[in-house]
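Taking the form predicted on its own, here's one chain by itself in structure tokens.
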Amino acid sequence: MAKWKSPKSLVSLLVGVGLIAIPNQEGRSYPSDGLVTAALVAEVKSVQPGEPFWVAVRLGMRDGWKVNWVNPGDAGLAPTVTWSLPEGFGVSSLLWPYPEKFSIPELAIFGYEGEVLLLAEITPPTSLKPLDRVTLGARVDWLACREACVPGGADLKLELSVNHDVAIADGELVEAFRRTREALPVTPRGWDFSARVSRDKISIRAVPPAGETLGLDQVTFFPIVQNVIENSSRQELLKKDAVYQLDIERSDMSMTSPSRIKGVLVSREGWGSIPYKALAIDVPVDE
């Protein structure tokens, strides 16, 4: 049975697809220039024939502004990247660090503030010759959100030399790649996850590996797709014996009961022996 759509949900839908923007308190429009800076960067200074290497779209946001995660939440749209690469080059899908939840009146945005790197792996052909130079291009489009969402975009280019020797980028850039990898969701080895769905609630149960002692305090679930949970609602973490249960209000825009629960679980305290804060889960819903 379809669930009733509240006025709040209709506003969320319109904002999410960019049909309306939320006015700020002064009712002014924000200029689109200078809210987000963008660059295409690489973890290496030179390319080796046939050897994959990592690049990133690096987005820096002005104070108070955010760009969205792959699921933007109640407002905005995820950044898009369209690659322009030399013949014979391949590129992976983007890798997204785990997001944060930002609250605005009655709504929640899933995304990033400050800076974020969206990673991709580039594979060059084996036919490259030393002393050649290659130019990588990417068209990037985004919405910058605060009390309003403002579109922006940039055409980015990066030129790299071809060399048989590895040449690593400078230390600051390598550190940025390292921090980003630490924020990528990982497979929860040793953990047992399950999910149940009722008319108004989604419950995710987590059983840690045997002998693992945890001090989980705050855990947040970010679904990959929209209209699964009520984004701005409180997520309640319960513990009984060795079992953790996260209860989340279902979205009132949810038309059908999901058959799988797929997304990212973030624990600010980590996950015991797993040295990362974000776990990627994709589990069937128990009958």
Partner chain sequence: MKRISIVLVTMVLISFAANGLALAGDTDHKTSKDKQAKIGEATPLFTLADYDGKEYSLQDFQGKYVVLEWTNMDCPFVKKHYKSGNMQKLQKKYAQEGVVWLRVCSSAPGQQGHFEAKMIANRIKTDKAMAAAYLIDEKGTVGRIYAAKTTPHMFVIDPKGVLIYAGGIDDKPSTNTADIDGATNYVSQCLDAAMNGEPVKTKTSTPYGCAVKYAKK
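Residue numbers count along the first chain shown, from 1. Since this is a predicted model, take the numbers as computed values, not measurements.
Keep in mind that the form predicted together with its partner chain is missing from the display, and what follows is about it.
- The contact with its partner chain in the predicted bound form, taken as any heavy atom within 4.5 Å, belongs to Q226 out of Q226, S46, T220, Q245.
- Proximity to its partner chain in the predicted bound form, defined as a heavy atom within 4.5 Å, singles out one entry of P125, P105, G215, P86, which is P105.
- Although the partner is absent from this view, G153 stays clear of its partner chain in the predicted bound form, with no non-hydrogen atom inside 4.5 angstroms.
- At a distance threshold of 4.5 angstroms between non-hydrogen atoms, L238 is out of contact with its partner chain in the predicted bound form.
- Using a 4.5 angstroms threshold between heavy atoms, E182 stays clear of its partner chain in the predicted bound form.
- None of the heavy atoms of E121 is located within 4.5 Å of its partner chain in the predicted bound form.
- Heavy atoms within 4.5 Å of its partner chain in the predicted bound form are found in one stretch of 207-215, 105-113, 185-193, 158-166, which is 105-113.
- Each of D74, L77 and M255 comes within 4.5 Å of its partner chain in the predicted bound form, counting any heavy atom.
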